[in-house]
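Before any questions on binding or motion, here is one chain by itself as structure tokens, the form predicted on its own.
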Amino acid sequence: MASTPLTLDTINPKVLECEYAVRGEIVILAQKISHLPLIIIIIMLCSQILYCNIGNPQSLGQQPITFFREVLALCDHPALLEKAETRGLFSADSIERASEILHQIPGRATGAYSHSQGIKGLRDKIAAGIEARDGYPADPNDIFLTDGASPAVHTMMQLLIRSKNDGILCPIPQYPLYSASIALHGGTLVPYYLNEAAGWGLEIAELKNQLETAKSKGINVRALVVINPGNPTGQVLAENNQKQIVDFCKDEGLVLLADEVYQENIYVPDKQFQSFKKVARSMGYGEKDISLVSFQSVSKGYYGECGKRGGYMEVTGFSPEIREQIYKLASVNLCSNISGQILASLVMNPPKVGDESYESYLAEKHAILSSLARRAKQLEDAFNSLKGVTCNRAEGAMYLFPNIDLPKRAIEAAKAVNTAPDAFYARRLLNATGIVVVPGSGFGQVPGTWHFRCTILPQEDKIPAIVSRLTKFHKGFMDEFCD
């Protein structure tokens, strides 16, 4: 019999190096438990599994925006537009928008391929939405529609990384998509640490220090990743800080990769979202001054359409020759899915004042975002009430990233089973309560500190039960391992 064609010794080593903690060990364990009969789960946990590990709003009960789904339904089944009863079931503006979109789709069919950058008419709408947001022109030819933001990140890493000697500056803590993508494409992650004591602040001195350290090791740093609002840390950058970052990239000749997928998720009155493109243009910098890629997704915000896989990147400040290469990479994947493209256009061009759906759309949006803000504050307060736990406020995004001062005995117990201490805590939390969180070690953290990421997405009426379960577990854990 022939030997097995693939073993862990013979697959691409970059795959082995790649890790994605958001769906890692703790989540896999939770999924195994969830496949047991319900009565056994309840006996084991006195509750059901509660996934607080990932920004997946609709899986935890968030309802989609009615206008968006009406337009999608009509685009997916155009025959509805010919039926008289449709006008009694769908709003006039959703019917009008669907008709307009269908005229732009080849064959009026959402099952057809499109242009590799995305349908031109939808890119026009997105560009108009960007202009309305920023107050500066946007070119639809700069927009590449993608299946969520993740493929866009992979495309840019594929373009930028030539070998292990090429580095990408990434925040620590960071969203594991970046470390995974850098590993898969054979590059080097150059970490810069956010300042937890200053609300997860991004300090230019730290960027300069890490850049010089990388250069001293022979690493050619190609780009800087900034996640704003932050994931997993939830901070929102001040405009002045963004200007410093833009100048740093311009002075050092770095591509600025701006992850802006949480731009609608702002929860505090003293902060607001400003896109890096708007900031750069307000400083007088144009296409020839800075190379900037902005990522957006339909998975986050108040829409939470993760499963529809829609998103885009806006690519500015690159030569025509480089843009041709980006287009070639997009062409290899033929095109992103059409439903996701439609959603991206709707997200960036929702109902306006005077449209039939406007009032209901605005009410749905406000209800979701105001509830998220309340949930963030409830969980923040709960974490800060726990012994040995400190948690910065969630200014934006969908997560809290509390710091746990674990007892020495807990750290030793974790080492005894060859597990990171925060993963040890997270596993015990799951087994005792059914609550799934992601250990901070999966995002990176200052050595010797321990964290976990918890979403704010469980529905508001479930938050008190989560707090109660977590509080009871934490007290028992700290009592068990007290020094």
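The shown structure was predicted, so the numbers you read here are calculated from the model rather than taken from an experiment. From 1 onward, residues are counted along the sequence shown.
Only in words, not in the display: the form predicted in complex with another copy of the chain, which the text now covers.
- Put simply, of 349, 158, 384, 360 only one has a heavy atom within 4.5 Å of another copy of the chain in the model of the complex, and it is 158.
- With the partner omitted here, the residue from 369, 172, 335, 411 that has a non-hydrogen atom within 4.5 angstroms of another copy of the chain in the model of the complex is 335.
- Contact with another copy of the chain in the model of the complex holds for all three of 73, 80 and 113, each having a heavy atom within 4.5 Å.
- With another copy of the chain omitted here, the record of contacts in the model of the complex names 150-158 of 150-158, 126-134, 238-246, 277-285, defined by a heavy atom within 4.5 Å.
- Residue contact with another copy of the chain in the model of the complex: residue 375 places no heavy atom within 4.5 Å of it.
- Using a 4.5 angstroms limit between non-hydrogen atoms, residue 458 is distant from another copy of the chain in the model of the complex.
- In the model of the complex, no heavy atom of residue 432 sits within 4.5 Å of another copy of the chain.
- For residue 90, a non-hydrogen atom is located within 4.5 Å of another copy of the chain in the model of the complex, even though that partner is not displayed.
- Residues 317, 318, 319, 321, 322, 325, 327, 328, 329, 331, 332, 333, 334, 335, 336, 337, 338, 339 are the ones in 313-348 with at least one heavy atom within 4.5 Å of another copy of the chain in the model of the complex, listed in sequence order.
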